[in-house]
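Given as structure tokens, the chain that follows is alone and in the form predicted alone.
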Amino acid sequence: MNTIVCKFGGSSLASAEQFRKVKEIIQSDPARRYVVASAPGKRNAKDIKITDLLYRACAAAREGRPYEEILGTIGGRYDGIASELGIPFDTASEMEALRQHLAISPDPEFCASRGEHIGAKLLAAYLGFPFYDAKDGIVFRPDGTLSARRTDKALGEGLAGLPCAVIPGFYGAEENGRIRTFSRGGSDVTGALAARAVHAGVYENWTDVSGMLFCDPRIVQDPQTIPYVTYRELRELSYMGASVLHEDAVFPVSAAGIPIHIMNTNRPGDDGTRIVPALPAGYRMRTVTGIAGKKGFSSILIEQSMMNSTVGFGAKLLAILASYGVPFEHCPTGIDTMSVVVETAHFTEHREEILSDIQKELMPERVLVEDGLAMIAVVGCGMVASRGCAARIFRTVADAGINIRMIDQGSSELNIILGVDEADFEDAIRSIYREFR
């Protein structure tokens, strides 16, 4: 029996009703032995996530403002869930430990981690599973980065003696015991690390959507669900913001060849999306797997005759950007031209200094900055074997009356990146979706 590691997001654990759904899912398959829990999320649009309340309480304590009312709200959420489920749970002791921490030396990472810590203890009590504290298995370095090697060893050894367990997501600890957290959504990473540590057959990520969608549902109404997506395709789509999974969660499981299954807690019968090393035999590969995009880019265009024969020209340009901490996104070039696409938010603060350094260091004939660009990624393993795919993309965008400002294709031919005016962003995505759905 292949072990299954399940991670349940905040929406899946927001209320007693959701806890019941989680228990039913876990009990439906005995292979679901290890459960990673997020902090309770919103119960409705006007609600506040537990993690946000914890950050508020910590900020109030650090600024000398009262926080008892916030703690009362947090404790009330857990008490309400436990009461409705009919299980004994000592919320008071957990809240008192948090209160003492806030009174002495409020640390945002420790405070934020208590949402998962208390929630996982409550879920463990409800399921009758042992509680395994993530601080004992998720190892951080003093600089706040994850030690993957030590984590794999510690977590593997810690879970080896437990036939099943509930593990709080989102946090771990340094060797000195100091609590450290991942970025928001980091419970996905905890689940992936647990899956690798126990050599799971599959990592199930349960959320409130039935898998990844072909494109943003805020732009296209009811887009199709993606049945299968490879790790490589996911990375390309995640880069443009299209993911129901924390981007760092891919690495632990992809290295171990463990598939991820995105599933809906509220509709467990839906197929969801399977994220796999390679598409299964017999699966009819689509030309385009998904479309994603973001606004907020700027293009720096440099023109210089004989640029192609000037050794180190591109390296110097990128070094200027690096000196101001500005990463580049794309770098399409010509014989006498070079464009660098950057996120406008990264570029704005040092805009004038960067342009001045370009003039001084490279002495170009012309420098032009264009703001208001949106980037669209059309991604699919099937594109490389599909003749005329690029032509179809360009034609359908042109037929929609949209001017393409930039084109960039990766060397793997896994994706094609288009740059369009922000005003044309949504229409461009809709036109591509209609062509390839």
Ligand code: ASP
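Quick caveat, the model's predicted, so the values are computed rather than measured. The first residue of the shown sequence is 1; numbering continues from there.
Below, we turn to the form predicted together with the ligand, even though it does not appear here.
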(request) Report the stretch among 233-241, 178-186, 83-91, 271-279 that approaches the ligand in the model of the complex to within 4.5 Å, counting heavy atoms only. (result) 178-186
(request) Using heavy atoms only and a 4.5 Å cut-off, determine which of Val35, Ala39, Val379, Ala57 is in contact with the ligand in the model of the complex. (result) Ala39
(message) Can you work out whether Arg405 and the ligand are in contact in the model of the complex, taking contact to mean some heavy atom pair no more than 4.5 Å apart?
(response) no
(request) Answer for Tyr203 alone: is it within 4.5 Å of the ligand in the model of the complex, judged on heavy atom distances? (result) no
(request) For the stretch 94-118, return the residues whose heavy atoms include at least one within 4.5 Å of the ligand in the model of the complex, in the order they occur. (result) Glu116
